[in-house]
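Just one chain is shown here, as structure tokens, and it is the form predicted on its own.
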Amino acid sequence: MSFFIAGTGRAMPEKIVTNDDLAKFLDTSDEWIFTRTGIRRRRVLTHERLDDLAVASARAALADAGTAGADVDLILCATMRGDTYTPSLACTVAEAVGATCPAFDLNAACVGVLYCMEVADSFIAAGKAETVLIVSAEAMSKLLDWTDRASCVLFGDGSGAMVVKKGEGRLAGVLSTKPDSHVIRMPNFEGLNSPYNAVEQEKQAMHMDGGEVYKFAVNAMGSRIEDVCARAGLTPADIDWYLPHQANIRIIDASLKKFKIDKSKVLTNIADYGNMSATSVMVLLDEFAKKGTFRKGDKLLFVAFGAGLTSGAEIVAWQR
């Protein structure tokens, strides 16, 4: 029980891209996309930089927590790729909010925020931090093949943040990896202008085997829910709110049905934002926190899966 969530925030690109917009250049339709994914629209970066969103969501979370950047002891950023390889996105955020604490990025794909929460727990439990700023920011639109309707319709851009502080709140966490480097893959640049590079360059776009992802995701989400509940001495019925990764509504529904989760407790916003990778659960948290959905003492269960293949779950009691 090393931390509680003291504040949340989010920042989204201005541009809204609907399914009808995509149908203008893809062989698809609003009906085709929505019935298969649950997505109606998504936000996409245009004139903004990912740094801009990350800083804005961080500032919103700090303001919500009543915390100054100078008082933060650690900054963690969950992202697959920032605007620069170096400095890290976390260092860019630190500079903007006036922090001088350790700051680094963490890439666990769509499970990145849960990995960050567990790292924060370890730092706080070890006495190395009392206030941690966790930021997620993903520019998925820059990683996609926009001619591939099976994948490009799924994703959106955005940023979310939370401030966690030493105290009672975290009940349990569990992380897992089932190593697979092919099912979901986003290659990096190889060599560029190096005269010595002999490695053939892969296509610079995300590849995803949808069928294999579906099978893994349904089982992983349910298994991590059972694992983290057991670790906390709870049952799935004891959870007040489920905040699952917003990848595909069919995956969420299939997992709920297979593992007998009460659908009325499951929060979603996939229709409006699509899959924002690690950012999805963070934006979901801030949206419903701002709506006043959570009551003090409510048990929130975060669960996610992603490339790697990674998966994880976290239970936190709401303390606000």
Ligand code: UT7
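Note that the coordinates shown come from a computational prediction; the quantities given were computed from them, not determined experimentally. A residue's number is simply how far along the shown sequence it sits, counting from 1.
Keep in mind the form predicted in complex with the ligand is missing from the figure; the text below concerns it.
Contact with the ligand in the predicted complex, defined as a heavy atom within 4.5 Å, holds for exactly one of 247, 89, 133, 139, namely 247. Think of it this way: in the predicted complex, the ligand has a heavy atom of just one of 230, 199, 150, 237 within 4.5 Å, and the residue is 150. Look at 121-129, 169-177, 151-159, 98-106: in the predicted complex, residues with non-hydrogen atoms within 4.5 angstroms of the ligand sit in 151-159. Using a 4.5 angstroms limit between non-hydrogen atoms, residue 72 is distant from the ligand in the predicted complex. Contact check for residue 208: a non-hydrogen atom falls within 4.5 Å of the ligand in the predicted complex. Proximity of residue 255 to the ligand in the predicted complex: non-hydrogen atoms within 4.5 Å are absent; the residue sits far from the partner. When contacts are judged by a 4.5 Å heavy atom cut-off, residue 241 does not count as touching the ligand in the predicted complex. Against the ligand in the predicted complex, the set 28, 184 and 275 is in full contact: each member has a heavy atom within 4.5 Å. For the partner-free chain shown, nothing in 254-269 comes within 4.5 angstroms of the ligand in the predicted complex, judged by any non-hydrogen atom.
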